[in-house]
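Here we start with a single chain on its own, the form predicted on its own, put down as structure tokens.
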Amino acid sequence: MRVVVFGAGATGQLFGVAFLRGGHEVLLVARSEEVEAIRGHGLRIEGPSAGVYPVPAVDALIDGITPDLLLATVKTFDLREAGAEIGRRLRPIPPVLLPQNGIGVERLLEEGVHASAPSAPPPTIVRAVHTIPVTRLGPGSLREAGRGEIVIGIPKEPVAKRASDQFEELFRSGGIAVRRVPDIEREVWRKLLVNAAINPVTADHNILNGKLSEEPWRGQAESLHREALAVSRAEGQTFSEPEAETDLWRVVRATAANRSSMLQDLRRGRPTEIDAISGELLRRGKLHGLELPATSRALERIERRARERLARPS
């Protein structure tokens, strides 16, 4: 299959290599510094997929390409812009996989596509979440910290169901574990509960995930987790406290040596996904009359740290 990975940061680059190894025709669309490095020395990976891979890469979508599938691996806050670029450049628009953090991200992509191509049919979107630990070491250089899985929804609508089947085949061909679920919304919330506890605390205190098992960071993570769980229940999700707690500490143990994506973004001076995680919880909590003091403090602290980081002279 012809596959475009649009917004190929660390995760997207790792996916692209997997698809290349699976025998597919792959094109990465990434930032200019990533493209320059990959073209110069290949994409370097440490860990289970160690090697140097000559993956085709460009810094913008090319008019006239006709991919069979597209993965939009941009951060949540870039989805509208990504949708607009996809709407401008691709005809027809192929099925799109969205593996982002946060709730309701499909709407962001759809709004972007509609803004640039109002007459185009809405894109076929397949929602997913993943637990694949990968860290950017530098331009065109990654560390894969272990094996994870991607969880892909099984839509009821036939066209989207066929696209979901294709994405499953794509990932399996590249050696990535796939789990299919009919209720992808529950899995999205499951990951959100974990991210809401891990990411703000690790980013705020500049610590590895494993430090969350120690005080005072454990107490902070647990407070955030309790508030996120309350919002999930108000939204109709049915996670029990033991189930949710087991998920959280399983991920902390499995990623103990990792830096969270939010911490990586802060250290690089990049925008974070705090609004898509904590901000969205606050918005939904407000609709249900819930007070979320720990989540509100976390949002304020990360936003302040991001402003301070951007204000530093380079």
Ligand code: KPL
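Numbering starts at 1 and runs along the sequence shown. Remember, it's a predicted structure, so these values are computed and weren't measured experimentally.
Not on display, but discussed next: the form predicted together with ketopantoate (KPL).
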**Study point:** 4.5 Å heavy atom contact, S213 to ketopantoate (KPL) in the model of the complex
**Key:** no
Exercise for review: Look up in the model of the complex whether I198 has a non-hydrogen atom within 4.5 angstroms of ketopantoate (KPL), and give yes or no.
Suggested key: yes
Check your understanding: Does S223 make contact with ketopantoate (KPL) in the model of the complex, using a 4.5 Å heavy atom cut-off?
Key -> no
Practice item. Indicate whether ketopantoate (KPL) has at least one heavy atom within 4.5 Å of a heavy atom of N101 in the model of the complex. Key: yes
Point to revise | Selected contact from S141, S232, N209, S164, since only one has a non-hydrogen atom within 4.5 angstroms of ketopantoate (KPL) in the model of the complex | key: N209
Exercise for review: Taking 4.5 Å between heavy atoms as the contact cutoff, choose which of S116, T131, S173, Q237 touches ketopantoate (KPL) in the model of the complex.
Suggested key: T131
Exercise for review: Can you work out whether ketopantoate (KPL) is within 4.5 angstroms of a heavy atom in all three of K191, V251 and S261 in the model of the complex?
Suggested key: yes
Point to revise | Among 32-40, 253-261, 63-71, 284-292, the region lying within 4.5 Å of ketopantoate (KPL) in the model of the complex by heavy atom distance | key: 253-261
